[in-house]
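A single chain, nothing else alongside it, follows as structure tokens in the form predicted alone.
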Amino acid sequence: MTSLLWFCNDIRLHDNEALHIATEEAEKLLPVYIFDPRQFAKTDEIGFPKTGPFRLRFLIDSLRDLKSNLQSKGSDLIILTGKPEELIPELCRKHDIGLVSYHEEATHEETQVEDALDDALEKIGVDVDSAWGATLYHLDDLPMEVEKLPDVFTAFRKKAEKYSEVRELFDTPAKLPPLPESHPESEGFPDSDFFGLEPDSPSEHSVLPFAGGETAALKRLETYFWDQDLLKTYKETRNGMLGADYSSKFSAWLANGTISPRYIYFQVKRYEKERKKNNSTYWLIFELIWRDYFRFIALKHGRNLFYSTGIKGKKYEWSTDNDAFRKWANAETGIPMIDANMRELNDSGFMSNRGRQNVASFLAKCLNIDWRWGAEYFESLLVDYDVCSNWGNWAYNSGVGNDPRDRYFNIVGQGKRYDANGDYIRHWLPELKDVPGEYIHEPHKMSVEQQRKAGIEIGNDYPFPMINLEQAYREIEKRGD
């Protein structure tokens, strides 16, 4: 029998259940990746490219690595362009394929494609065997039905930790079945006209170069856990913002499936046996459970996650002030903590978790701008964009998601707490390098003479409607966290 393996957001050979299914009885294997034009279109609300330059470069790197790894095991990767629900059935007809396997997704656009594909394959008599492989806990092992998933994370986590177990890894095959004698030629990577942009690499100021691919993903884990022994202090450093190693940075590889969350989990367990078990080792698993939670929430709530009212159905009078949004997006708000984080995002495709919380709260809670604009901007630029985590976190920080407290962030207070000396701000805003430390988070408090000495000039042009910069800071000071 000939099997077709459709790679999508599972660009790896280790712990790949769809690969295991496809090769279990296959004499021939056709591994396929399809560039779907819908994934490179514009976002719905504000028209940004869905896949921006940083994630595009990361994806291309990941596919090159996958192709190399497949070739080393006697196979290859066929790269095509088009709609999977149309191309795959045609491949099955032309090349006598009896089984199609793939990993399932959770959100509406992706599941629509899967449903259409399944229907088309059923009509031509081709078997489909899909797998669930994106989460730590398997969907079938949850201690509750998805429809009854708690809308507060802690309630979910406690039940999952008590009643669910992490399944064992699928082995990486030593050898793969060859391609069928009759197989399509790989079209290779589309040109820039298809993508609408050129792939790009992060700025040299970025925390990491973020090389795409399974090989780089496994190397990052090896470096972070074993070579530098950093897991033992993860909980203490994870809220940092500057440097490569304040957190694991696994998110980019998790997002396109070049590393398995279960692989990370079992490496943590090995670390606990061989090195140290403490709050930090638990906390990394804790963060993987958060990632699971947002994926299951997306399954539970469907398209509601993408509406302005979110999963709560909560109505706000969101602003659509394009000028204010552009100042936020272009790092021109006048608030150093916000502008430094946005410049990092714009120049590198990455931002710390602490930064993401602050800029999201600022856009939605201070500027009162439709949170979906921010979610789409992140979707376009983040190298580690994951649809469930991105939209789940934006809804959470905007008051329409899973946060039971509906909290606000005091941006200045957060800056003083997590960037006390202003090192992060100066790294991304070198124009503030001569601002004294006592003013780095509130340069508007400097006198005109102090501004002159620091080489800056503070004006009143600020995105809050009808209020000036000092009034904006007073608004921030009212915020709680």
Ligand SMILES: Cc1cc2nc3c(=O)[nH]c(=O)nc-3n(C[C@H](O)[C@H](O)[C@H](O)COP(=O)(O)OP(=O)(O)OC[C@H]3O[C@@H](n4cnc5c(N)ncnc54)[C@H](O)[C@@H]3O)c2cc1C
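This structure is a prediction, so every number in the text was calculated from the model and none was measured. For every residue, the number given is its place in the sequence shown, counted from 1.
One more form of this protein, predicted together with this ligand, exists but is not displayed; see below.
Only one segment in the set 249-257, 333-341, 105-113, 127-135 has any non-hydrogen atom within 4.5 angstroms of this ligand in the predicted complex, and it is 249-257. A residue is said to contact a partner when one of its heavy atoms sits within 4.5 Å of a partner heavy atom; E287 meets this definition for this ligand in the predicted complex. Within 4.5 Å of any heavy atom of this ligand in the predicted complex lies no heavy atom of H183.
Within 4.5 Å of any heavy atom of this ligand in the predicted complex lies no heavy atom of N402. In the predicted complex, S352 approaches this ligand with a heavy atom inside 4.5 Å. For the residues K300, R157, R356, R407, the 4.5 Å heavy atom test against this ligand in the predicted complex is passed only by R356. None of Y385, F306, W373, F296 but one reaches within 4.5 angstroms of this ligand in the predicted complex through a heavy atom, and that residue is Y385. For the stretch 374-412, the set of residues having any non-hydrogen atom within 4.5 angstroms of this ligand in the predicted complex comprises F378, L382, D384, Y385, D386, S389, N390, N393, W394, N397, in sequence order.
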